[in-house]
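First, one chain by itself: the form predicted on its own, in structure tokens.
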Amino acid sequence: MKAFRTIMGGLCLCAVLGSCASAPQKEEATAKTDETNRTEAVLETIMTRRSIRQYKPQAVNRDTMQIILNCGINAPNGQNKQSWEVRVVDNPDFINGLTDIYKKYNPKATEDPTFKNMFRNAPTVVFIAHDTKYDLSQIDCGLLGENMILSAWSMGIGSCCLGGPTRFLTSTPEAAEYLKKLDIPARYELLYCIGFGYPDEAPAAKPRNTAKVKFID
């Protein structure tokens, strides 16, 4: 009987030790799976993102937009200067009013039956201004925008980077009241804007010239 208890005790101890040994292996396997899933999700977001020019009418929910903006301002930036100013407009009166001025100068734009506004039809527009006192601020603003674009796409929100509307806004006297509403500090100037919205199209990817990328030995 004593021998039986000794054998059974040994078996129980082996089972416990075996269980303890397998637990870290399971945790490690789970961690690797989670890491792989995260990597694949990031890569898919980057590789599937497209510039969207047709959107559903509603503006992006402001709570969702705030997440996108938070991702933007957490972008890398030189010396943590955060050399940007960001303004968000989802007011149709602002977008349509400025578009009416734009149409006076660009009447052919309205010949496109899909034309709704000068921001590639986006119902939400983010204006980005850079600090003219910092010579690398434009890079910071580019990184800011890319963070917003990718985070938006990961949540099913499309976007399109735009330079023409900001050029029009800053160079057209009739648009001055709209520029003033953005309340951009004196040392900053508008660099570009990004239209955001819920996609109403699914454009195919355009080819990229991989020959422009080279490793240098």
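Sequential numbering from 1, following the sequence displayed. All of these numbers come straight from a predicted model, not from anything done at the bench.
There is also a form predicted together with a small molecule; it is not shown, and the following applies to it.
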*So which of A59, L162, M65, L169 reaches within 4.5 angstroms of the small molecule in the predicted complex, heavy atom to heavy atom?*
L162
*Pick the stretch from 37-45, 153-161, 181-189, 66-74 whose residues have a heavy atom within 4.5 Å of the small molecule in the predicted complex.*
153-161
*Although the small molecule is absent from this view, report whether H130 comes within 4.5 Å of it in the predicted complex, heavy atoms only.*
no
*Though only this chain appears here, would S51 touch the small molecule in the predicted complex if you measure heavy atom gaps against 4.5 Å?*
yes
